[in-house]
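One chain is shown next in structure tokens, namely the form predicted on its own.
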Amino acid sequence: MASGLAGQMLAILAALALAPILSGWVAQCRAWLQSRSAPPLWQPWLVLHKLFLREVVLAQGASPLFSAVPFLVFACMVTACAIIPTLSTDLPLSVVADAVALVGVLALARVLLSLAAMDIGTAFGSLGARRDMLVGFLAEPALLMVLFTAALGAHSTALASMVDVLAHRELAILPSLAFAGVAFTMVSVAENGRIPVDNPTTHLELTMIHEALILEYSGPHLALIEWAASLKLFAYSCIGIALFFPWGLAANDSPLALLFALPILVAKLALGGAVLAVAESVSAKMRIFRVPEYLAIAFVLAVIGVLVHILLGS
């Protein structure tokens, strides 16, 4: 139990440290692909440091919920990263938190952020909340179907058990996981507000989703939300790694096993971030009214993955 707790804490610390670096790596790759001067890899950490030193300015009429939401959202994202097997599968939280709980934690963070955006009563906040809830309403069922596809093979919804089974199977492309992988990629792009669903760098009224939710935040509150957004990207990246590229995770929490698992995780994240940057550079932002069609396709693909596994057993 002590070793499990040590591995759990190391996984949380790795998530807190690497999440902003992952966001900086994606931004750096996008700049290189677009022939622009790239910001330093640690630029998100510099931004967080600047925001933590600034004063909090609250909008007139803001309720206590508005001030509490950044801390709650940040806690939700840290909890999500603790549930996902990132370095090892020996996680104490895997006993009490499975794939369904993971989706619930992510949904709770979305609901809290949407409530805070509407709390001020501005048009931008309400617009962003409605759009974000629309994306979540369509993306979360697809994510559940993806996780259920892997759970059928492991006969368990515990993420650690799912990863153990997937890591020890023969090296082959299973049709069910192929459908699930495409669906998960589409859902991950939508949930993290990336192109083509959303542009994380825009402030245009007609296109922004995530940025509309946080326009009224400042100082440490904004820093926590931005850090939570990086943790969300890190969490989805680690879900994809755990389900579709589970090799390299430590089966126990011995120091040597964790020492080998950490650089493997960093290499996978670097490759995934580069692929995301390439995909964003060759894609265009779609109209908001096309997003339901995009996520409906992801849901259908995820359901096909479940059906293929039930019918073919692979």
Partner chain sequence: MNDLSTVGLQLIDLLAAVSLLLAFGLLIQRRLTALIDFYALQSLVLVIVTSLVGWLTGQRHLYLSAALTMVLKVLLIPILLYRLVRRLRLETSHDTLVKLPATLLLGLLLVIFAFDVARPIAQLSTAIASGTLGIALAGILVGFLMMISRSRAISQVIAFLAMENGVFLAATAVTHGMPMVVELGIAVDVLIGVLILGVFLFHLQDAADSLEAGGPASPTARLERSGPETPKPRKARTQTP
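Residue numbers count along the first chain shown, from 1. All figures in this text were calculated on a predicted structure; none of them were measured in a lab.
Keep in mind that the form predicted in complex with the partner chain is missing from the display, and what follows is about it.
Heavy atoms of L13 never reach within 4.5 Å of the partner chain in the predicted bound form, leaving it off the interface. In the predicted bound form, no heavy atom of A17 sits within 4.5 Å of the partner chain.
Among residues of the shown chain, I21 is not one whose heavy atoms approach the partner chain to within 4.5 Å in the predicted bound form. Put simply, P220 is far from the partner chain in the predicted bound form: not one heavy atom of it is within 4.5 Å. The candidate spot formed by I173, E293 and V300 is fully in contact with the partner chain in the predicted bound form: every one of the three has a heavy atom within 4.5 Å. With the partner omitted here, the residue from A178, A107, L115, M133 that has a non-hydrogen atom within 4.5 angstroms of the partner chain in the predicted bound form is A178. Only one of 178 to 186, 220 to 228, 84 to 92, 149 to 157 lies within 4.5 Å of the partner chain in the predicted bound form by heavy atoms, and it is 178 to 186.
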